[in-house]
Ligand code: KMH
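Okay, so here's just one chain, in structure tokens, the form predicted on its own.
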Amino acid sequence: MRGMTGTLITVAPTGAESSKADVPALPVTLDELVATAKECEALGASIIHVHIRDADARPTLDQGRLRATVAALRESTGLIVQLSSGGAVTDPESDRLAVLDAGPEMASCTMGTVNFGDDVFLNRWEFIVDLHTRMQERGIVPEYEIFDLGQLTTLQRLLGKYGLPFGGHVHVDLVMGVPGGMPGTTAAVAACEQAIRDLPEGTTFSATGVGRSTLPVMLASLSAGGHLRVGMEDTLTYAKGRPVESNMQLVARAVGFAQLAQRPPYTPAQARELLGVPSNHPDRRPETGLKAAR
């Protein structure tokens, strides 16, 4: 990890927690999401982590909308499209597994159950195994989401029992600062970085600092050889008393920090090479085209 010459920058533009009424700048329509993706790619993002909304801007895992979103993003950008298999904390396992049917290049795979504010984000071992093995079979590259240190041990167990992910490269995202999960601190990043050394050689990690932990996590991740995830899913305040104006604002800041660290942003093509994501995989193309979806 310490030999990295570039930085993966993932943008997570929407999430499932914030409402459009409370955060008007949140991209919730397909057109808003595509416009955001294009602008973030131009700034230096290489991956987009996607949650979608319905016509009333509520979180949804509707298959038609998922397929339309994947198709639109692949048609309009070169970004790696990573769908969230987490959805909202209320989504059933069957709907979360069905996210893979939309044909993303990547999908998230959370490594355990965690208290999520006042809610519980449930990820049973059997569900994790099912998600991991289905992605192996379908040629989808996982990003393993880690909300607490012990979940890295769960990942070690998963890989030991069921093998490496499709593409052979292990990439994790440390989600830090969620009430109920690990804190967004330099010490926590350092502890995770040490534990990641027990995973297969070449494992890479990104880090996400939720809320006020954004800046310390970003700086700690870069200093430890890690990568960055930013976006309005995780951060709604740019500075004290200053709301985030757009996802582009957050990506631009991450790009600036990466350049200061002398690890400029990877292009989507470089990100695909690093993560083992094929540049073209027709078997994963969703059946619903952009024109039909609109």
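Note that residue numbering follows the sequence shown and begins at 1. Small disclaimer: the values here were computed from a predicted structure and weren't measured.
There is another form of this protein, the form predicted in complex with the named molecule, and it is not shown here; the text below is about that form.
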The named molecule in the predicted complex: contacting segment from 153-161, 71-79, 102-110, 134-142, heavy atom within 4.5 Å
102-110
In the predicted complex, the one of Gly86, Pro216, Gly181, Gly167 near the named molecule [non-hydrogen atom within 4.5 angstroms]
Gly86
Going by a heavy atom distance of 4.5 Å, is His227 a contact of the named molecule in the predicted complex?
no
Please check if Glu41 has a heavy atom lying within 4.5 Å of any heavy atom of the named molecule in the predicted complex.
no
Any of the heavy atoms of Phe205 lying within 4.5 Å of the named molecule in the predicted complex?
no
May I ask you to state whether Glu273 is within 4.5 Å of the named molecule in the predicted complex, using heavy atom distances?
no
Stretch 10-44 - residues with a heavy atom within 4.5 Å of the named molecule in the predicted complex:
Ala16, Glu17
